[in-house]
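Before any questions on how it binds or moves, here is one chain, the form predicted alone, in structure tokens.
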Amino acid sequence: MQENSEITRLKVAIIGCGRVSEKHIRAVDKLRDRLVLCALVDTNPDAPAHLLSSCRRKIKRFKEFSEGTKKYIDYKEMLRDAKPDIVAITVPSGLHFQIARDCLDAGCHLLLEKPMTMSNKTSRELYQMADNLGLRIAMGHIYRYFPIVSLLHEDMANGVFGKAGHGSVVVRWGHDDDYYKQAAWRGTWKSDGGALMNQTVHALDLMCYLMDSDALSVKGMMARRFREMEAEDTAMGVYRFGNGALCQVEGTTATFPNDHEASFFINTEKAAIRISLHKGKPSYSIVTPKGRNLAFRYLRRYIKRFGLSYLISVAKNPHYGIYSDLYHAIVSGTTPIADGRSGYVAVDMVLGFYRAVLKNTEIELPLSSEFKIEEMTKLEF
């Protein structure tokens, strides 16, 4: 599909009507000049109506928006009937692969929530399948779409900061036991994974993006300390990247549910880069050896390139950035910022960590053979 002077509106269908789907609906509504929501799918027949109702006050011309959206309980029927251009998949992680493959077979571009799938083999298969079909996959790696992050990636790749020495990732995204009891699949090895796969996977992706490098090996340790779940509620480890940098990671859901935090640090020859999100509030610091903070300069550059309206929209809802970027990639034939390869690499990083824990050794990346997350049932905490 080629970009032209006329705006082509693409049809979007959402499979899975859980909480994260609200962010998708708000993004599609804000991009209504380019996108139109054509269908909602959930095995619970009441879920689509409840989802729309929960978004009522945040959707312009709600009646028109909701009446134009068909509801389905069978996604295959939806694919035959609605024929969407884009399908957003927001179901439990263990269901991603089969649904995504069927959607690609139907000729649909994908917006796939993290993690991509639950094995490195199936993640790579989706990535390669989309590439072979000329279709786009955009991953729900929201951190790539935070303001100024793309500029930091660009400058890191161009050597502006010199060599990267080391970095760290901290994800303290607390959930209590009630969260895991809401659905039988949550916190299970087969369908969800633990703190690393569910809460930390897109933070690891951000480090790859900022470092402009893939991980070559990993060592790790895990524990289940406070939460009643099958998988881990705490993980700590170290990755070695292709550019020689080390990166330590801490991921946990065992902290307080009302004190969510994600923070990132990269030490380079020419700057110390810090990005953090604490209780929904982002902060940035790019400090030079002389103590000068370049964060405001990057903010001005970002506004000059993308506009203030785009910055505000992305800051409020990063899914706006994902949909906007995916639309541009489809009509211009380019690659989304968080593409299918990023989804595969992030899953491989997490599964490599899990294998390192299971084998109690350092594991080389990318994994040389298939590793399914169900193998972690062998682990004794």
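None of these values were measured; they are calculated from a predicted model. Throughout, we count residues from 1 along the sequence that is shown.
Heads up, the form predicted in complex with a small molecule isn't pictured, but that's what we're talking about next.
Only one segment in the set 128-136, 282-290, 183-191, 295-303 has any non-hydrogen atom within 4.5 angstroms of the small molecule in the model of the complex, and it is 183-191. The partner is absent here; in the model of the complex, the one residue of T122, T234, T268, T90 having a heavy atom within 4.5 Å of the small molecule is T90. A heavy atom within 4.5 Å of the small molecule in the model of the complex is found for one listed residue only; from L152, L277, I86, I99, this is I99. Within 4.5 Å of the small molecule in the model of the complex, a heavy atom is found for none of G220, V249 and G343. Residue contact with the small molecule in the model of the complex: R19 places a heavy atom within 4.5 Å of it. In the model of the complex, the small molecule lies farther than 4.5 Å from every heavy atom of L351. Taking the partner from the other structure, the small molecule in the model of the complex has a heavy atom within 4.5 Å of a heavy atom of I142. By the criterion of a heavy atom within 4.5 Å, S332 is excluded from the residues contacting the small molecule in the model of the complex.
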